[in-house]
Each structure stands twice: as C-alpha cells, then as structure tokens.
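In structure tokens, the next block holds one chain alone, the form predicted alone.
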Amino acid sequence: MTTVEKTDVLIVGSGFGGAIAAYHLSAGGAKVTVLERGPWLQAEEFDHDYKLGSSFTRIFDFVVGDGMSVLGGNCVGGGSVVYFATMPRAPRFVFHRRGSIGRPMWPATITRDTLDPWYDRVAEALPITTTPWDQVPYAGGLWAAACNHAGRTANPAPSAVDLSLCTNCNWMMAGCRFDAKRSLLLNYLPAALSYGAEIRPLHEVQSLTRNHDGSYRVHYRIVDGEDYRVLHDAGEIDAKIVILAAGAGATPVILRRSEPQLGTMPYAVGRYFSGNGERLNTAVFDEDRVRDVLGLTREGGKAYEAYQIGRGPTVANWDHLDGSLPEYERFSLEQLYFPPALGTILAQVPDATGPSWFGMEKKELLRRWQSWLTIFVMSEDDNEGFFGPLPETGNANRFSQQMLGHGPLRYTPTANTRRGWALADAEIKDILERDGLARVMPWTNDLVGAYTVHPLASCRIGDDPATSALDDRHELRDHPGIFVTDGSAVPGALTVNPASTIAALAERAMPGIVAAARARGVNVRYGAPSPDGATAGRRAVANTV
C-alpha cells in the first residue's frame, strides 16, 4: 500500500498565487508543500531557441479551447517566468464594474483604496519601477511617437525588470537567462525555500478528497520530463489547508473533477471565465514615412526596423481608461513584442486580395517583419467563458510532446465584448494609419478562436453566492479549508496586465488563510513582510516566527 504523506499546507501551482502563499505560510512556521505541474529551470537553462525541447516549449502551456485559447506558464514560477513583467495597477473603475451579472462583481470590501497597501507590498518585493524615457526600446518609442502625432498620450509602463541587467534581447517571454526580469524565482520562492517550503516540479494534481477529520487528500501524478503526455506514478498527500493556484485554466478543472468526492461545487466554479478582453493588432510600418512624418532615425540610417529589439511592453496608451466612459468602452493599448510562432501565424495581411493569414501576400508580410509593431488590447469582456466536459487527466488532452493541448474551455464572444474590440481596433487604426505611417490588421480568430495570455475569473471572489465561487477571503464556498489565490479568483477583466492585481489579492488573502490554518490546528503566524530578493526574506521575518 502506498504511504500517504502529510503536510500542513498543500499549494497547487507556483505562480503568483502559489509562491506568495508558500512564502508567508512557511515563514510563519507551517510545513508547506508546493506541487507544480511543469519543470524547474534556472536562469542558464532559458534558451534563445524555439526548437522542441528548448525552454520555449517546456515552460509554456498552450491550450486550444472551443472559441478561446489560453497561453500560460508551465514551470516553477508559473506565469512570472513567461510574462513580460508589465505590472500596472488596475484602474479605480474596475472595482465598481457590474458586468454581465448586472450587480457589483467585486466584493464590497475590495476597492482600489483597500488594495493599494497590498499592491505596495508586491512592488517592494519584486521590485516594480517605471522605465525612464531614455531607456524605452525602439518599438516603445515608435508607439509613443505615433500616439503623440495623433494627439494621444503615451506612458512608460511600470515593470518588474532590472534595467541594469537587461540586454534588450526580447527573449524574456521564454524566461530570462540574465535574471533581469524579476520573476518569482528571484524573490518569493527562494524566500519560501529558506524557511523549509518544499517545491516539487512535474507533479500534476488531479483531484481532492476530504478525510474524516476535515483535512484534504490531494491526488497527483508524476509528469514525464520530456513528453508531457506521459504520466508516471500516482501519489497522495494529506493537508489541513489546500491552496489552489494552478491558473484560471486548471484550477476549476481540478475542483470540478473533485466534485463526486467533495460534494457539490459552487455554481461559479468553471463559469464566468474572462480572457481579460484581449486582442492583438499588427501594424506594418512604411520606413520612409516613419522618418519623414515622425522624424525618427537610428544607427545605420534606418528609421525603425527594430521590432525584435527590446523587452516586450514598455509603453501604453491609457486614454480610454476613463471611469466616466460606458462599460465595455474602456480599454488600454500597449506596445508589445510577440515572438515568432503565434505572432507570425496569426498576423493577417492588411488589405489582402487573397487569404489574409497565409499565401504569397503573407510571405511578403513576413519578409518585412522588422518593420512590425504589435499593439495589445485589454478591454472589458462579458465573462462569457465556461468549462465543458473535463479531460481524463490534467487540464487538457495533450496532442504534442510539449506545450500543446485541447481543453474544455468554451467561449462565444458577446456583442458587448465584440463592441469593445471594435472600438479598440478603430482607435489603433486611427493612430497608426495617419499620414500613411502603417497598415494595420487584427490577428485572425479563425484558427484558435479568441486568445488570452491573462486568463481570469473562472473561480471568482464575490459577495453573491450565486455568481461567485469564493468569498472575499478567497475560501471556496461550502468547502472550508480550500482557498484559491490565482487569476481565477479575479472577478473579471482588468483592462490592464493583471499580474500585479493577482499578486496583491494573494497578499491580501494571507492573513485570513493564516487564521483559517490556525483554526485547523496549524501552528503558524502571519507577519512576514514582502521579500526583497533571494535573502531578504530570511532577514525580514527573523523576529516574527
């Protein structure tokens, strides 16, 4: 018979929601075990290559759904390893949204004012800074100049990047080998390890069951390190507290798979999914017009031709983040570098006479790739996604050795969502096509449906039990001792990059989770401040445990 292990707190996932919990609970004296589905890579293992088996295919999880596809992290550090480290705070109006339910989406206890102190903790831990204009890469400068030419504003976006270490290689989405990007591998996770937290990579949680004493048993399988379709040994761990932070595409799958054993799940588990209203447009610039209209030049007599130089999003247009505008008309526009693969496949040809996403005209478009500029839309959607029949294991039926799978997400954009996209598309076109600067087309949705790199809201917090899976403390309704702290807890689209908000909500949830753990017999305290790098966590909590 297999021996069942025991721990105080079992955390599923090691992204923002899992790493922050692991740090605070282990620093407070709890025995913490983190199970992560993906591998554990160090800086020197992040490849500048797209071949199968490189970090690019090992640390991403691309799940194609019906009408919506999700690109996320699949590694220790989760989304913080594959994100672009852009960390704005959600606009004030977001916390008063009513959305598709026609009533407040957010708990009354959470506003921008009440969340700001928790944002501050995250900003200290990573840390988060704003890029000076003289260090904005070429693509960001081009977007800013085009916005200015069109009478719009542009803003350097706050980010968790150490510019003294950044080489502007534009590989940061596949992990940063220079440790310039302040992922969780450099702060919360090493601080948690220093307090004895255990992190187990390549452990995929399948389901939960409840023990007679009210604790939970977590059932997992070992994932093969080369072929993620292959699952090896099974195991079980008992825990007094379980924190789910597997991501908005996986957390509801685990809970719904557990329903036959745990009992009825709240209605909102696996419903109200939001893709953060995301959409991408690609512009192909006329280099002569860039020089003549915007007055831009760089070394070698070039005007731009620098799409590949930089570090992802650095400049945003926030003119439409205006709380006085009607809901679904508010959005942000962010300059973005999206690496080859999806970026080259889904980019459409402006004014194509033949097919818009393949063929000879597409070949010519790809030939001019250095003159591209991609603009990232984050708008207000209608939370219209839901999860259909579950895969037998994991969060997807994997059809590739690494990275690719087909999942249970179902998504048909409503008129509200489409209106927001159309307004954003028109705004981008108006800015970038002025005076013949560029030609612009949105990415196609024909191949993989809509797409998001920031999935949210599939197990959301709220005050209404009918439309939220969690209470305002992030505890699963009717299942005491189970908490959710990842992006699935966010009630809806944020109109900006959500990592800072996910992290702030996780920080805010910690005092309540510590109190719940103490009530369930775990000898743990709350009091560790945000860590600052790999060693400051040890210094910071020296007098609190």
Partner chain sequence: MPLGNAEHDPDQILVLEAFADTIVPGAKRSPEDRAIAGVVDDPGAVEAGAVTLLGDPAGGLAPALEVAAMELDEYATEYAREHDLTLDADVPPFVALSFADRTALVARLCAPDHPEKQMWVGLALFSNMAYDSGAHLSTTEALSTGHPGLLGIGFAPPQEDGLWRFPRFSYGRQLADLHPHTTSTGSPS
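Positions refer to the first chain, counted from 1. All values reported here derive from a predicted model rather than from experimental measurement.
There is another form of the same protein, the form predicted in complex with the partner chain; it is not shown, and what comes next is about it.
Pick the stretch from 241-249, 421-429, 376-384, 362-370 whose residues have a heavy atom within 4.5 Å of the partner chain in the predicted complex.
The contacting stretch is 362-370.
So, a 4.5 angstroms cut-off on heavy atom distances: do all three of 467, 481 and 523 pass it with respect to the partner chain in the predicted complex?
No: none of 467, 481 and 523 comes within 4.5 Å of the partner chain in the predicted complex.
Answer yes if any heavy atom of residue 155 is within 4.5 Å of a heavy atom of the partner chain in the predicted complex; otherwise answer no.
Within the cut-off, so yes.
Taking 4.5 angstroms as the cut-off for heavy atoms, does residue 267 touch the partner chain in the predicted complex?
Heavy-atom contact with the partner chain at 4.5 Å: absent for residue 267.
Under a 4.5 Å heavy atom criterion, is residue 177 part of the interface with the partner chain in the predicted complex?
Yes, residue 177 is a contact residue.
Can residue 341 be called a contact residue for the partner chain in the predicted complex at 4.5 Å between heavy atoms?
Taking the distances in the predicted complex, the answer for residue 341 is yes, it comes within 4.5 Å of the partner chain.
Just one of 295, 389, 117, 326 has a heavy atom within 4.5 Å of the partner chain in the predicted complex. Which one?
Looking at the other structure, the residue within range turns out to be 295.
Identify which of 169, 230, 150, 352 has a heavy atom within 4.5 Å of the partner chain in the predicted complex; exactly one of them does.
The residue in contact is 169.
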